[in-house]
Structure formats: structure tokens, C-alpha cells
Ligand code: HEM
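Before any questions on how it binds or moves, here is one chain, the form predicted alone, in C-alpha cells.
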Amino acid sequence: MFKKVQKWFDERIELTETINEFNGERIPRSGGWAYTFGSLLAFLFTVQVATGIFLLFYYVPYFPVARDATYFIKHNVLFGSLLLGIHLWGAFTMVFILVVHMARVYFSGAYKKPRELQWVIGMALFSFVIVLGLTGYMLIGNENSWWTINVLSNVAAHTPFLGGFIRILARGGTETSTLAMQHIFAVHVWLLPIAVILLIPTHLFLIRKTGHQGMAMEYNKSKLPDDNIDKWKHPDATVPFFPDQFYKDMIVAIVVFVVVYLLAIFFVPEVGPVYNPLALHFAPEADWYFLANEELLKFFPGHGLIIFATFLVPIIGFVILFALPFIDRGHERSPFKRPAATILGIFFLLLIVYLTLMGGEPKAPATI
């Protein structure tokens, strides 16, 4: 029976040949576990989509009832608390793994020619995932959600030329209204997931065209010079994607999912109190991956300097990261032979960790 089904598909779309071609993809032999991050991110995104779909059966994107709908899911829906927890911890884990994945690509020089487009698409995916996380915790509909929307829309208002328009669009008017939740819901559930779903195949296509670079040490036996692009297309030793790399991907995905599952059980997300528009001294709490940017505000005190922390520094940082392959056009890949790039990368990571830890300390009430 299976053979007949296989033959039916082969006669129409050559399914077996396509699967064999995909499974025959060559992966650098060394560091196979380090190459699991990309597949892990795709897996975690799938988990987010699946849990998000189930949550949509009960969620209502309307501020007066959004918090109650979230509370109902947690306490009255079968496995509702577990789904909420997996969705929350899955998002946190996805952002963390994404940062680790980008760091690996950076320090191995895998963003260089001919892989510039892979890096640019990856940076776009990173940006979308960050905004997905930002809009996600706004949808809880509690007091933190309400004041986060107020604070961040005020922050966005400092964007030159478009600031006022962005604030009105986010709030649904000059003041935060019930439309704000619907706008954020549309971005979180429709706009950004569609963009991510379209970019992931593009990213994978580029990887298949240029191949997995891997670590610089995997090209030590090559007789080609470093400035020859062909050198970086053919590592010294490779293994087929299936079964070698496939099993590693599956093992890592299962382990990470078990960790997310346990976190969802033992660290159940809090729904929080009902929003109170009159609580003018409430200090909203940002998720961990926004604490560094929030901490920057302390280094630019005063209303006139807030544009540096809220707009200029983050935008300049993202522009540099997007343009990195076109700035660093040297042929060397090894981090030990790129001391300037390596030191800057380590310094940047340590700075982010420091600002994140400092941003996690108790704060004074926010100014709305």
C-alpha cells in the first residue's frame, strides 16, 4: 500500500527524489552539535505557532476582557495553564537560542561572501522574533500590558518624523484605547508570523545554495587560498544530513522541549492584576531581552536625550549588524585571526549581559 502511495506521488512531483536530495545534503563533520541551532529555532517557532493556535480558541483581543480570557485559559481550560507556559517559555527560549545562533555565525565568520544574504535574512528574522516577543506579553491584557503599551508608544513617539504616527497607530488614537489590543493582536498573530513563515524558506534556500560553512578549522586541509570563495564551499570532511545531522537535531529539539515543558509546569506564568488606567505610578516590567535597552535610559537622562536610548543607539546597532557582511569583507574566518572582530563581539555580548543584569534590578516607578 505504501509503495503505491509513494509511486503515485513520484509520478507527479518526484517526491522520493526530492527527499533523497534533501537528506543527502552535506554537513561539516566537526561541530555537528553547533549546527543544530538553526533547526532548533524552526522547531521552537513551530511550537509557538501550534500553542498559539490553541490559545486563540479562547482568547479575546479586547482590553476589558483580554485579561479575564487569559485567566480563564489558565484556570478553566483543559491543559490551558500548560499551553500558556509552553508558549511563554518557548518564546524566551527561542530568543535566547537565536542570540546564541547569531553569535556562532558571527564568530565563525559565516556571514562573509558568498553568504551575505543569509545573514541579512537572518537579521530580519531576528528583528521579527523580537517584536513578536514584545507584542506577545502585551496581549495578556493585565496592568503590565496596559502600561507597557503606554510607555512604549511614548518611546516610539521619539522616532523622528514618524513618531507621532506610530504612537497613534499603536494606541488606536491619541490615547490608549481598546483598539490598541486589536492592532497589537493583528501584528502578533497575522503580520509577523506570515513574514517569518515567508522568510524561513528563503533562509533555508540560501543555505542550500551556498552550503554550511562551519568552523574555520574545517578548512585547514584545503589547498585553496583564503581569498578563493570556492574554499569556503567545501569543508575538509562532511557527513550526510540524514542520518548524522538529523539525529543530532532531533535529540537537541527533544531535550529543549523537555526543558520548556518542565519550566511551564514548575514556573507557571502569572496572569497579573486587571489594568488600572489611574495607576499613574505603576512601573511596567519588561521581558528579559528588553532589559538592556531599558537600562540605556539611565545613561541618557532628561527628555531631550531620550531619543539616544530609545531610537539612535538601537537603530545604529541594528544597521551595523545588518550591514556587517558589507563592512567586514576580509577573507579570514577564524576568530583567532580576526582579533578586532572577535574582541568587539565579546565586548558587545558582555555589555548586553551587563545591561540586562542591571536592568533586572528593582526600578523606580515609570514616568508615563
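Quantities reported herein were computed from a predicted structural model and do not represent experimental measurements. From 1 onward, residues are counted along the sequence shown.
Beyond what is shown, the protein has a form predicted in complex with the ligand; the following relates to that form.
Q: Give me the residue from 83, 192, 291, 125 that has a heavy atom within 4.5 Å of the ligand in the model of the complex.
A: Looking at the other structure, the residue within range turns out to be 125.
Q: Which of these residues, 77, 200, 169, 274, gets a heavy atom within 4.5 Å of the ligand in the model of the complex?
A: After the contact test, the surviving option is 200.
Q: Applying a 4.5 Å heavy atom distance criterion, does residue 41 contact the ligand in the model of the complex?
A: Yes, residue 41 sits close enough to the ligand in the model of the complex that at least one of its heavy atoms falls within 4.5 Å.
Q: Spell out, yes or no, whether the shortest heavy atom distance between residue 234 and the ligand in the model of the complex is within 4.5 Å.
A: The answer is no: residue 234 has no heavy atom within 4.5 Å of the ligand.
Q: With heavy atoms only and a cut-off of 4.5 Å, decide whether residue 104 touches the ligand in the model of the complex.
A: Within the cut-off, so yes.
Q: Closest heavy atom of residue 207 to the ligand in the model of the complex, within 4.5 Å or not?
A: Within the cut-off, so yes.
Q: Partner absent here, but in the model of the complex, which of 256-264, 135-143, 115-123, 174-182 has residues with a heavy atom within 4.5 Å of the ligand?
A: In the other structure, the partner sits against 115-123.
Q: I have 60, 69 and 150 flagged as a candidate spot, so tell me whether each of them has a non-hydrogen atom within 4.5 Å of the ligand in the model of the complex.
A: No: none of 60, 69 and 150 comes within 4.5 Å of the ligand in the model of the complex.
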